[in-house]
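In the structure tokens that follow, a single protein chain appears in two forms: structure 1, then structure 2.
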Structure 1
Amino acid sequence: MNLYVLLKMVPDTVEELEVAADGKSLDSEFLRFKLSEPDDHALEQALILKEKMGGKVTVVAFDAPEVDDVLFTALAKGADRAVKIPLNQASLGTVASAKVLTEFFAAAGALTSDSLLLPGSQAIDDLEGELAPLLAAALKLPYIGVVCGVTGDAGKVTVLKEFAGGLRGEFEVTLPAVLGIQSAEKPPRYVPVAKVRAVMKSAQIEEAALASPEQPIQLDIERMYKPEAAGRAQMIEGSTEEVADQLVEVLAKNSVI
């Protein structure tokens, strides 16, 4: 099986994000990037499939802060090949990213009859999870998103998809295909730092050769700002009876009851 995992770096939201002085970007002084969590699960699912069925795992990512560390970590976990697309991820929107990835797979002639593309189902800057279906549509491949389990067979995979309300559905998909991974069958594996450092000395990250790297649709940010506080919150205090009376009064005043 020919497995491609699409990795994306996202801001670490452990710290509060701040807008830079130009008003068009995030303040990078204290900003740290990390691998998007669904993408980490996509990598784990690919490694599980490789262990069960054999094949080759290739990780692909756009250029971004700290992305080399993530690519080397993927190699240390068991990926066979790491490819970096020499375009700044920050300057691309979801549509442009899907266009570039389509060109990458078409130019490389990478898609075979047993190929499976595994992007994460969403990211904190792509909550609608549009990348995977856009890529699938451009490559004319079947797509299933919000996937939480994959088992393989000759020329096809069986996919477990999550639905709202805790429901799950099982689908059979013919390869090649694109699956938006929400979670792997197992938690992403840990790899020791020493092993990552060893891989950094022995392995290399390939740089993709694009036919027209200067022509993707750029994302032009006009303004970036934090949500503005409306100042409409009303704090209700007092005993249970007093709070209940005040709630009824507020609801009646706003014609709710």
Structure 2
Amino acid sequence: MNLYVLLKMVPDTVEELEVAADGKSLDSEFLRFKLSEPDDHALEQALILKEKMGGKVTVVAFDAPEVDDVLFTALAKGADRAVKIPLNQASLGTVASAKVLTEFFAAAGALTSDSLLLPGSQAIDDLEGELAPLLAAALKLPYIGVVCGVTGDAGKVTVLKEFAGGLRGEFEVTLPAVLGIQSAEKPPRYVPVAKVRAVMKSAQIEEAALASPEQPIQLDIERMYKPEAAGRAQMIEGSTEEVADQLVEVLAKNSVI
């Protein structure tokens, strides 16, 4: 199989996010980036498919802080090729990102009859929509999202899609196709730092020069701001002992002990 995984860096929400002076974007100065979680799962799913079916895994990413580390890590995990598109990801909305990637796949003549494009199902900054369906529509490929398992076969794949309440559906998808991956069938694998360092010395990240889109953000964003809590929890403070005592009172008040 010819597997493409699209990797995207997103702000790490464990850190405090600040709005920039323009009031319409995030202040990038203190942002720490990490690989979007569904994309990490998409990579794992691709590696599992490669192990089962054979083939090649190519990881593709826009330029973003720490993206080289992520691309080298993907190579260390078993990806065969890493491609960076030297356009600043943070300045592109999903619609523009999909346009650039459409050109990438068209120009590279990359799509073969056994190609599978695996973006994450969605990302926490998908204001303009999800990449997977936008890309599928532009490339006229079949698409399904919220995928949590993929089994390969000749010319098609069988996928599991999550609905709600633990209910899932099994779908058959004709290749080539775009699958928005929510979670891989196994947790993303761990790769030792030493192996990543070794790959950094031996492997190369390819660069694909593509034109910057004319309209990087499509939407008319009026402002970004931190939510003002409608209500705030009643906060309990004190030592661990004191907090636990008060929580016991809360449980008693709610008649559960």
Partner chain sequence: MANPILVLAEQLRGEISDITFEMLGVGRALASAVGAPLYAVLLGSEAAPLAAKLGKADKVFVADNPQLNLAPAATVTAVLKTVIDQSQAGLVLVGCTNVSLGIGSTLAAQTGLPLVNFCRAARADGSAIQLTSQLFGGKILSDVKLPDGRGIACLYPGAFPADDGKSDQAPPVEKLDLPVEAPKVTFKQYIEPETGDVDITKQNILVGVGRGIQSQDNVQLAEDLAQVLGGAVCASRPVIDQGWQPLSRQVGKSGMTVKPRVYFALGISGAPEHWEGMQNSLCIIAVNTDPKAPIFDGAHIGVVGDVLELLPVLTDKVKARKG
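In this text, the rigid core denotes the largest set of C-alpha atoms whose superposition between the two forms falls within 1.5 Å. Everything quoted here is computed from the prediction, not taken from an experiment. Counting starts at 1 and follows the sequence of structure 1.
Of the two forms shown, the form predicted together with its partner chain is structure 2. Remark: with the core as the superposition reference, the CA shift of D22 between the two structures reaches 2 Å or more. After superposition on the rigid core, the Cα atom of E249 is displaced by 2 Å or more between the two structures. A movement of the C-alpha atom of G145 falling short of 2 angstroms is seen between the two structures when the two forms are aligned on their rigid core.
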